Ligand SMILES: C[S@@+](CC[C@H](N)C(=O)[O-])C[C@H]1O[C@@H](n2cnc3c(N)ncnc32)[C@H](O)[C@@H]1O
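In structure tokens, the next block holds one chain alone, the form predicted alone.
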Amino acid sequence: MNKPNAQMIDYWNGAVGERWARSQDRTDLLLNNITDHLLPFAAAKPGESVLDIGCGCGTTTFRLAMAVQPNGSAAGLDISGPMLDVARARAQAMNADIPFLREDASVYDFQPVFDLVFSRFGIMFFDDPVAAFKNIRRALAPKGRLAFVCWRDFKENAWAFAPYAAAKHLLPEQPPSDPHAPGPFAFADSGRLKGILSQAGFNGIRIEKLDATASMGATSDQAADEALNVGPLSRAARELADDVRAKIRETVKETLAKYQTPAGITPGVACWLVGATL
């Protein structure tokens, strides 16, 4: 029998995971506005025990740890060794007693000890999402709750769609994709998402729209680099020759310049804020 989520585990422990680990500062900047909406939505309280699934390099875990002080605790869980290495190094530098576990949330043997299970874009990658959320539900203490953010439709997310659409004529033909396959936009359909959580045994499900902006850099040069570093364009262009990537970069740079603001290049993002209870 194949190991659950084997493809994603390989993906996030290879070159992609290493690149994300190196790009932690830029990723935090990209997602900062979303994080600032998600944390109040999750409403971690002093004294609570919190689990951060798909914690990556630990930024949200550290913020959750601060929110639950003085007597609370936070832990991070991820499948990516390279990103967890960064998280652990940051924790050591801050003298922060935060465990970071390299585990798959869909099969980990959770105990019902967490008041809040939280995730910033870390729960869209399961082969069997119903089974995964059933397992995640086991991590919640009585009266515990779930709170996460995930992407809405690809075309609603200008940060990802605008550079991809601009460069499409320079990309090899892409195979048709299954919109429900594990990946960043797997939960774009809110009806399907609600059904998954319901089948997994969650109650009190609420799904709210979040429209915000992504911070892709101070200049269109930086934003073009970011578009080639994360998101659908980065995956489609990864194996292309340097001269083709250079053409893509110039095309994307021109497109993203249209999103210039006093705060930098800030195209729109479209997300779901999702909450549920036992």
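Residues carry their position along the shown sequence, with the first being 1. Predicted model, so just to flag it, every value in this text is computed and none were measured.
The next section is about a form of this same protein that is not shown, the form predicted in complex with this ligand.
Chemist: I need the one stretch from 160 to 168, 191 to 199, 204 to 212, 96 to 104 whose residues put non-hydrogen atoms within 4.5 angstroms of this ligand in the model of the complex.
Modeler: Heavy atoms within 4.5 Å of this ligand in the model of the complex occur in 96 to 104.
Chemist: Give me the residue from F187, F125, F114, F148 that has a heavy atom within 4.5 Å of this ligand in the model of the complex.
Modeler: None of the others qualify; the residue that does is F125.
Chemist: Can any non-hydrogen atom of F121 be found within 4.5 angstroms of this ligand in the model of the complex?
Modeler: Flag for F121 set to yes.
Chemist: Flag W20 as yes or no: does it have a non-hydrogen atom within 4.5 angstroms of any non-hydrogen atom of this ligand in the model of the complex?
Modeler: W20 belongs to the contact set for this ligand.
Chemist: Although the partner isn't part of this model, could you tell me whether G231 comes within 4.5 Å of this ligand in the model of the complex, counting any heavy atom of the residue?
Modeler: Looking in the model of the complex, residue contacts with this ligand do not include G231, since no heavy atom lies within 4.5 Å.
Chemist: Any chance A227 has a heavy atom within 4.5 Å of this ligand in the model of the complex?
Modeler: No - in the model of the complex, heavy atoms of A227 and this ligand never come within 4.5 Å of each other.
Chemist: Taking this ligand in the model of the complex, which residues along 53 to 74 bring a heavy atom to within 4.5 Å of it?
Modeler: Heavy-atom contacts to this ligand in the model of the complex: G54, C55, G56.
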